[in-house]
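Same chain, two versions here, written out as structure tokens and called structure 1 and structure 2.
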Structure 1
């Protein structure tokens, strides 16, 4: 009995000693998770940006510089080549578009975005004609898979750019030049005319200061004074610049027509698909001309879309007509305005932020767009790159 009492006394004394030590130690906040804070710094989800500078890069392209509109919340870091989804309100329609970051990832004082005026576009004309210094916009965090991977991409890189597709490459070249990375880069830049060559002074400067960066401009519609390469980015011009395709990794950024042409040229050179990365295709100019589109449907055909969505008082239902030739997300944003917000960024089916459950109906998706098998199995679609070909019913109550 005395032995048991003695053991209890020892346990009590040990507990009292531990309690005293804890009281003397520096108090710990009731909750602190350093890893969560780090994750929020790297992946903030949404950001608030303010325009500080605007300049013309060409007659139809502007460069916008943004800083964080919240002094206590710095801009999220990014990898050279990534993009952000810029959110705008155009005549009451809240929508977003993806723009590649042109600024260097080695500083986070500001982001720079190059915006080219798109004929019959919705967002780019608004930005170029209306955005002013001091304006505040929302954006996503940096996203995208177009960035250098030293494990898989090697040290010999070929950048193939068309028009405003040079934007992510500017960021990558700034990064390579600033860090003096041990990489060999060949940039082949195709434009319509000489005045369409964006960032020309800086590109020329790269080649003067860095012998590992080589550059070739190719104009498809040059004037009589142009002394450089003319035509398209064909297999012979590619081979002429890079010498051999062996041990090289290719990045291609441009419009859909350029992708289709360059893809055939690279294939003819015997370059396997796993050695080429194409930036997200974006929305086709005319979906009815894409392979696989139902020939019985004309671009003017109307489709009925039914949407279940959540409000403060419960679930509601709305029905509206939409063109079969317009992405479902565009129709939802225009018809529902601010009744519901569908998260999105790439508008190309790559980021999967907009994944939405489709209860019924049939859609058309461009063949090059990859949808995760699990999404297909459980009835989820990417409305940013999906087109209604029958009446459809969407469930946005989970948004």
Structure 2
């Protein structure tokens, strides 16, 4: 017994000595606490937001202003152009959608989001019809790669926005204007009608106050009083605005239909892929119309999904049917309710947060979505933008 105690004392003394040596060799930097606090401030992971203001931006779009619901936790800083994933509970289904931060990154007392109603949508009608001042929601920290990078993007920027795709650009323009940045900007903003031009007064004001910001509205369904440009954002119209494509960097934001159209136009102008940043808002309107979709599958076809997941008592299995035309993540959220949470943010295949292991089955992913090769090699899928085309077996025991 005595011998054992002596052994323990020796071990303890040795450990203490080692610790002392380590501290002498690598003293803990004086700024350690401050740095860690700063990292947590920039990357809080999740945030709790409270609605303070709501106003209509157009007949079908509302502006929501949020403050941090936790007084000791200020809002995370962001780069103009980034988005947050807003978490909601719609009829017992916990889900989330990405929304670009429209407010200026130069103040963090609040965030602003512009939410457009999507007919037959799930979350946007819920937000527009139900969200009230005082409501509290969870969100991710600011995410996304759409922001100005001076090294790669140069000084001449072309912003191409479709509908609610203006939201990241309003934040970028506020930033450029507030900091008086030495950049030349051409904003080409496509909308259906005049009523759909969001932030119009502010956009017009930028062009009045700043000679380096040029703006063109293009309406696809104008009324007879409209004197401006009409039609789609075609290659001719782009060229007419910007003169030459040389030495310019392009950002394109809008729904998938607009994205596909503009992509063709820019490529016809000889603009190479590395000079364009695309951000598509959400999933395709009708996946069965996307190139490469297996024609024998109709949108109403049902697919069997099996999910392994973890509970407090061990692993369980659940089986349910899902439409082949719906992203797997949507049917998982709907069918599994609160049994399991799949982390997600962009829901468009960009952020990779929802990465999930697929044990068996075949999926369809829209061709423009780039999934990391290592993910596919090791059997991981991004269920937010993956459509089941055969029976699927997923492993959620690791989430």
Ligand SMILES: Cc1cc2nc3c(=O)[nH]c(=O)nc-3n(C[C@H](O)[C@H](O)[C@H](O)COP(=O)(O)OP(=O)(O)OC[C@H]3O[C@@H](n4cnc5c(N)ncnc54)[C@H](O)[C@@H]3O)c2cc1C
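Think of the rigid core as the biggest set of C-alphas that the two forms share within 1.5 Å after superposition. These numbers come from a predicted model, not from an experiment. Positions refer to the first chain, counted from 1.
Structure 2, not structure 1, represents the form predicted in complex with the named molecule. In the rigid-core superposition between the two structures, residue position residue 14 carries a C-alpha shift of 19.7 Å.
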